[in-house]
Structure formats: C-alpha cells, structure tokens
Ligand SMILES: C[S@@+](CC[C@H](N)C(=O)[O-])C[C@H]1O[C@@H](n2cnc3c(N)ncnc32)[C@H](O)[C@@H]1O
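In the block that follows, a single chain appears as structure tokens, in the form predicted on its own.
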Amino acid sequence: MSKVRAKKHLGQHFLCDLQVAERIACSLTGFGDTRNVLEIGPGMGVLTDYLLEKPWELTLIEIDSESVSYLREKYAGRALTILEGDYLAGKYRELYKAPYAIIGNFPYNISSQIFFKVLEERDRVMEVVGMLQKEVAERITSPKGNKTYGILSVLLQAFYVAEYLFTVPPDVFDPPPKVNSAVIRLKRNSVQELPCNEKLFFRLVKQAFHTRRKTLRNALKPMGLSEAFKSMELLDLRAEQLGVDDFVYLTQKLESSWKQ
C-alpha cells in the first residue's frame, strides 16, 4: 500500500508517533459502559491500530477518498465499519441507536465545529477523546476567569466534564503543524437538560462572548433587555467571569423579563 498524501485543504496532519497514538487510544475509558466508538479522520490508521486492540465496536469516518481506499485495503477482513463522508454532515442517530463515544486526531480546520456537532448529539455522545490544536483544547477545558474561557468552554462544560490530558509537539506529525497540539477528554455529566430555555441559553452565551471585552450589560443589548433585567449586578461583569450556573440564571431571568 502506498502512503496517503496529507492534504492541506482538509487540515490533515498524520500522527507518526506510535507511543502518542497508544496513549490517545488508552485515554478512552468506555465511560457509561459505552462500547460503540466512532473515530473521526483516521488517515492511515495509526490510532485505529491501537483501538482495534480494545473491546470497542469501531466505526471509522473519513472524508478523504484516498485514505478510505487505503484503510479498506489495510483492514480488509477486520471487524470494523469504514464510512466515507464528512462527519459534520452525518446523521448519527441513524448509525447509533445506543450511546457512543468519539475519538480522533481531529482536522484542525474543523475542530471547533466538531465540538458544536457533539453538543447537538449530547444525549448520545457519552465520551470524547480528541487531539486538536492546543489553543482550542485550552479554551474548551478552561475554568471561568481565564482569558481562554469562551463559548465552547461554557456550552461544553454545561453537559460534560472536560479534562486537558497532555500536550503533543509538532514533530510527531507528518507534515508538522505550526502549533502545538493537545489531547482532551470529555465525559458526559448528569445534566439531561438545563433548568432554562436551552435555545435561549445557547444564544445568550454566544452573544455574551461576541464582544467579550464589554460588560454583559452592553454585550447583551441586542437581545432586548428590560430595565429590570439591566439592573442586575451580574451584568457589571464580563462574560469570562461567569460560570455555567450564572449563565443559566441569566437565561431564566431574561426569559422571565420578556414575559412581564
């Protein structure tokens, strides 16, 4: 089998270090007794090799047709499913009737979009182990009050426990990226639904961070604030100073103020 060419437009950086690959595979715990695992962007299967040593029901999804051909030849006769397609466009409720986990060396140009897709599937996705650019990894796992804390931090931490596992240098990839990478793990928490209007919660969080240097009183103006709502002390703060519970509380108060 000839080596697959990394394609810049797909954000491909193939992992070459077997120790790192094994460490990523071992970071998947099967949380919630989950055995169905979807690997995103397997490339040439460096991570896949170690996942196949585990008791997972493994499915690969790969957008690059050259990689798909390579993988189908490499794993001919093995017990796994290989799908050709775009993870972001998939409908996984049809693929998985039971909870599942996600793992992968995520393409850097869509890593944030992958996590927004995870949020859409949060009632099924019990665990995520992903390698992505260090900056995004820090943002997702950041606590409130940190400059890297942002939209994904709040939205993901509302439904998952987020852990920063380890940093990965550029020289373990082909071609090497220009930035450091990191591996994180998300595990589903016990929140089935937030005690507020969830669509409004998502909208409020995104608006709050849209102009993150402003106080919330100014950042949330486009949402049509009542005088009573604008008088809340929390609005003297900036978005990065609020935790998930604070945003839930603001969502409740905002919706209530609209009904008055």
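The model shown is predicted, which means the values in this text are computed figures rather than measured ones. Note that residue numbering follows the sequence shown and begins at 1.
One more form of this protein exists, namely the form predicted together with this ligand; it is left out here, but the text below deals with it.
K.L.:
Just one stretch in 216-224, 43-51, 25-33, 187-195 has heavy atoms within 4.5 Å of this ligand in the predicted bound form, so which one is it?
P.N.:
Only one stretch qualifies here: 43-51.
K.L.:
For a quick test of understanding: in the predicted bound form, does each of 61, 87 and 107 have a heavy atom within 4.5 Å of this ligand?
P.N.:
Every residue of the spot touches this ligand in the predicted bound form.
K.L.:
Is residue 10 one of the residues lying within 4.5 Å of this ligand in the predicted bound form, judged by heavy atom distances?
P.N.:
Yes, contact at 4.5 Å.
K.L.:
Does residue 248 reach this ligand in the predicted bound form if we count a contact as any heavy atom within 4.5 Å?
P.N.:
No, residue 248 stays farther than 4.5 Å from this ligand in the predicted bound form.
K.L.:
Decide whether residue 242 counts as a contact residue for this ligand in the predicted bound form under a heavy atom distance cut-off of 4.5 Å.
P.N.:
No, residue 242 is distant from the partner.
K.L.:
Classify residue 15 as contacting or not contacting this ligand in the predicted bound form by the rule of any non-hydrogen atom within 4.5 angstroms, answering yes or no.
P.N.:
So residue 15 counts as contacting this ligand.
K.L.:
If we check this ligand in the predicted bound form, which of the residues in 197-219 reach within 4.5 angstroms of it by a non-hydrogen atom?
P.N.:
Not one residue comes within 4.5 Å of the partner.
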